[in-house]
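Coming up is one lone chain in structure tokens, specifically the form predicted alone.
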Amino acid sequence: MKRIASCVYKLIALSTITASCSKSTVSNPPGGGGGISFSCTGISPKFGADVQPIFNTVCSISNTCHGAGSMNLGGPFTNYSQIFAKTANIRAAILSGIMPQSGSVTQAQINNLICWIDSGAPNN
């Protein structure tokens, strides 16, 4: 029994290590959502030029979404600090397909958002 448990533990550890090494392309992420995919190859998104405009036009459009005064689950996403504080949640919501709830994002926008987060979400 110990041997089986040891094998299962090693398999889980190997899977975790393998999954954490493939950051640049993901499809069928955990949590479902139809398997939104992205690729960071050749792009280096900037917060001011690439990320903030997406939030301004898709996410923070009203207080029922993530605009000023939002009481929505994630709260407002109107500036860098608010967005940075929720990057893990934002990443998961985009990849699972639950966000955005209204409007839509292009594949290029998904790439910019996820790759910006994966690069440490710099304030640039």
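Everything quoted here is computed from the prediction, not taken from an experiment. So that there is no doubt, residue numbering starts at 1 and follows the sequence shown.
In what follows, reference is made to the form predicted in complex with a small molecule, a form of this protein that is not presented.
Mapping the unseen interface onto this chain, F38 falls outside it, with no heavy atom inside 4.5 Å of the small molecule in the model of the complex. A residue is said to contact a partner when one of its heavy atoms sits within 4.5 Å of a partner heavy atom; Q101 meets this definition for the small molecule in the model of the complex. In the model of the complex, at least one heavy atom of G74 sits within 4.5 Å of a heavy atom of the small molecule. Taking the partner from the other structure, the small molecule in the model of the complex has a heavy atom within 4.5 Å of a heavy atom of N89.
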